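Listed next as structure tokens is one chain, alone, in the form predicted alone.
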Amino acid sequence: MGGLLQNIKLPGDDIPWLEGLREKGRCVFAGKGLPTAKTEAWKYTRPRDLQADDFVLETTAGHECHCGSNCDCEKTCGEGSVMPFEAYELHFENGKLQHEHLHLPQGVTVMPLMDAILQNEDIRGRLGKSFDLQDYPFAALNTAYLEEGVFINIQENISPDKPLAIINHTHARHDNLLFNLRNVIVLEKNSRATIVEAYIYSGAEKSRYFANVVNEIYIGRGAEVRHYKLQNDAYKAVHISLNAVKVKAGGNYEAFCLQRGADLARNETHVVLAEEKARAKVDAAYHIAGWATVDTTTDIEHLAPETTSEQLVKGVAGGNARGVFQGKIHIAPHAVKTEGNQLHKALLLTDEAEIDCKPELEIFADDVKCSHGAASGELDEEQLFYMRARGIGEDEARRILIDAYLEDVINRIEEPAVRDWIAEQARQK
């Protein structure tokens, strides 16, 4: 683990509580180590190529933007808009925040994570409080390097007029880059916000780097977050992310993640419906080929009465790729009149592609409605024959059928502009 757990100086190491939190992360990761085939939560998604002692971690103190004429990230590092819809854009380059000054509506605060640690006492009660480090080894590693990311606070009864977009553009200046991002997002009572994450790259398609991301999201009473993500990293990249979400009474969390890239990717979402009538909808799609392994893991905890959750995940796997879905719904003993539904469907394009699926229900209460299901299949040969008989080439016919297969889950995205963008990304070759 030498390449992942490095002894380096970080900003804020003179803040006792922060350094104590970092040290806890180091100890947990050193004690747990990398997941193996015997680690139940990672039995289908064993991290590969992470034992190598060659990852390079940059700190803010030694960082400056090196973009120049040979860099294809001018839209990220410059002032231009990246998203095809209006948004308040936060730009990261190789995991480092580039632009932090936005003309935000009143009641919306966005600041670099380290600035929030130095200036905002509230973040101490939030940082690292939404999950147990013992359960998430890579989140422990992320905690050991706490430095980069943003703090977003939406005050009571405030609804920004545009999405907040967190865009990380990787164009590694050297191979084997390791970067850790920690975003803390707080919505106070009756507030609303749309958060969009995008992970994209330029340069060599086989760039090797490791993106380790943790989002801590706190949703107040009656508040709502719509959280959408595109993961389209380089073919040899590793992308591990954890979304740890806590929802209070009447709050709502809606999420969608599209995964297209990376050699190994895992998008994990842990939602705690902590109070009555809290809701969550956690959807995802993946379209992969080559030797990629893409993992969607969810854990929804219903801890209060009349809470509801929905999950729909659909995937397309070709080549020698592997798609993984692990979904758990937990109903606490007193969480009566709760409803939780979960469904995973997959389309296999080749004989070599593989799908591993593990749905789970843990029900400790009566008077609940729960369901889970999983199905996989192949492209309909009759439909392909029908389309080819009418002059449509085989590649085009396959593309049309794949687009149609993913359409219903993408159409569950509530934001029209984001839905159109995700649909376009899903159609990309």
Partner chain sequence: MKTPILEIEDLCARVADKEIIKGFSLTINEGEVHAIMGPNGAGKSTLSYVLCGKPGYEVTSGKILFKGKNLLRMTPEERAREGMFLIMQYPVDIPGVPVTTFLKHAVNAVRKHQNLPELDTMEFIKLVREEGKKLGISNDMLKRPVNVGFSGGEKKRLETLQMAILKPRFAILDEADSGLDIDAMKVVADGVNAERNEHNALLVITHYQRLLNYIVPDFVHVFADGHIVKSGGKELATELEETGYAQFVKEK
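Keep in mind the model is a prediction, meaning the values are calculated, not measured. Residue numbers count along the first chain shown, from 1.
There is another form of this protein, the form predicted together with the partner chain, and it is not shown here; the text below is about that form.
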| Which listed residue (372, 46, 398, 388) meets the criterion of a heavy atom within 4.5 Å of the partner chain in the predicted complex? | 388
| message | Going by heavy atom distances of 4.5 angstroms or less, which of 40, 382, 378, 366 would be at the interface with the partner chain in the predicted complex? | response | 382
| request: Among 20-28, 6-14, 417-425, 404-412, mark the stretch whose residues have heavy atoms within 4.5 Å of the partner chain in the predicted complex. | output: 404-412
| message | Test of understanding: in the predicted complex, would residue 34 fall inside 4.5 Å of the partner chain by heavy atoms? | response | no
| query | Hey, in the predicted complex, is residue 394 touching the partner chain, heavy atoms inside 4.5 Å? | reply | yes
